[in-house]
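This document opens with one chain alone, in structure tokens, the form predicted alone.
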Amino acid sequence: MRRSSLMVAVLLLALLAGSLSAAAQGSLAIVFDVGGRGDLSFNDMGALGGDRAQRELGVTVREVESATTADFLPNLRALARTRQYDLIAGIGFLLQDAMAQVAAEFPNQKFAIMDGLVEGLPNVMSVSFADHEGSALMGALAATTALELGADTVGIVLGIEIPILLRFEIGYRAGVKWAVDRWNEMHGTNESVKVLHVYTGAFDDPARGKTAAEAMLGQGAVVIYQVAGATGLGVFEAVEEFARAQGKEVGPPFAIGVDSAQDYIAPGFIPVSMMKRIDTGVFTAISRALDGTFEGGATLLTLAEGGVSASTLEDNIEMMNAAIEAGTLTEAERDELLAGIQRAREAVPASAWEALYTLDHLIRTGEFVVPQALDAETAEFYREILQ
């Protein structure tokens, strides 16, 4: 009798454990922006977040491609109608209008928008990223690189002058100022580094980005950070052409990428990118949907929370492997691109990487607080004091 009771208890515990395990799993749907998997950008980052959720949380993941922006609304609505997903995540701000409409239609369905904002709906988590903190890291590397090379100018080329880009600009300037102060303290000098900035007024005009970068290079900029979407492709082109005109196959000058690991676009000339960790955003959102901590409204993921980071060689490898899996890149192409990325990273002075890693630690621990500017008046104030 005792043995029988023990066996029943064991079976009950096993059944309970199984039910808890099933409850701890869940289901996630990801709606990609146009381009889908293999874009080596936001979509691939979102997919990596889904892969992590599948690996660490046991979540089942469904990925939905969007051939055009017109697909966003039907894709989201079709997923919501099934009522079988713990979370539906949209990758990129272009989905926010469609998500707002569908979320209002299905108030019991949880949604998350990555790098976008849907206001007034308690079932939508709008995930943004501490761009100012990541940009400060880029400024630290840029300024220290300039000082090591005996230069005194860096640049930042931006898209439209909107609040979020002001945050990028001032964060970059704060990193430059921190690095210059650190350099002068370490070397007993009184050096300075000028920050050139241009708002091109567009996110889709590489020609404008190229013109802006060429002007900065002509004024002695040795590192230029692009924060201009597709307009920034012109920055990469200008930097590479300027260097190759001097017979160089690797920088300086250097460009810095943004949002995803863009180091592959001009291998040899882009040593680092400021990454918005869309993968962390997706993973955080599904985790909260499953553990009962999900809340609608704006959520800012900081550097300490893994929301932003400086790209690493490993980040590039991970994204390229995702592109290989999607069929948009071959292994031979990956290896060639990685060799160029490595050359660019090695061409950056070791002290510049040290500055970046040091500031990264100080921001994570709260010992250095990066200022924010979300309006023109505040931005102008910081431009004056971050000299």
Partner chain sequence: MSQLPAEPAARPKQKAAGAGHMLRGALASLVQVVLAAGIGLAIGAIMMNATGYDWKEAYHALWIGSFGDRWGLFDTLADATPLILTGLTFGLCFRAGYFNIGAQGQMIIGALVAVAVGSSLGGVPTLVAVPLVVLAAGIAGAIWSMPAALLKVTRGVHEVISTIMFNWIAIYLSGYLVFNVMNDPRSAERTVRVAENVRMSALLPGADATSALFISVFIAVFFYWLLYHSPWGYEMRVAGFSHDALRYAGANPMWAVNVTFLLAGLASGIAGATQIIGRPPTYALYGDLSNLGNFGFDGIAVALIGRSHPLGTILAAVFFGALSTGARMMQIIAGVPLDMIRVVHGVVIVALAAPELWSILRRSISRRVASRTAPAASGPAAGKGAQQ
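These numbers come from a predicted model, not from an experiment. Residue numbers count along the first chain shown, from 1.
FYI, the form predicted together with the partner chain isn't displayed, but the following is about it.
*Asks:* Just to confirm, with a 4.5 Å cut-off on non-hydrogen atoms, which of Met216, Ala98, Leu290, Val308 contacts the partner chain in the predicted bound form?
*Replies:* After the contact test, the surviving option is Ala98.
*Asks:* Taking any heavy atom pair closer than or equal to 4.5 Å as contact, tell me whether Arg77 reaches the partner chain in the predicted bound form.
*Replies:* Arg77 belongs to the contact set for the partner chain.
*Asks:* Applying a 4.5 Å heavy atom distance criterion, does Arg62 contact the partner chain in the predicted bound form?
*Replies:* Arg62 belongs to the contact set for the partner chain.
*Asks:* Indicate whether the partner chain has at least one heavy atom within 4.5 Å of a heavy atom of Glu295 in the predicted bound form.
*Replies:* Taking the distances in the predicted bound form, the answer for Glu295 is no, it never comes within 4.5 Å of the partner chain.
*Asks:* So, in the predicted bound form, is His187 in contact with the partner chain at a 4.5 angstroms heavy atom limit?
*Replies:* His187 lies outside the contact set for the partner chain.
*Asks:* Go through 157-165, 310-318, 170-178, 280-288 and give me the stretch that gets within 4.5 Å of the partner chain in the predicted bound form, heavy atoms only.
*Replies:* Result of the contact check: 157-165.
*Asks:* For the stretch 49-76, return the residues whose heavy atoms include at least one within 4.5 Å of the partner chain in the predicted bound form, in the order they occur.
*Replies:* Stretch hits, in order: Arg62, Glu63, Val64, Glu65, Ser66, Ala67, Thr68, Thr69, Ala70, Asp71, Leu73, Pro74, Asn75.
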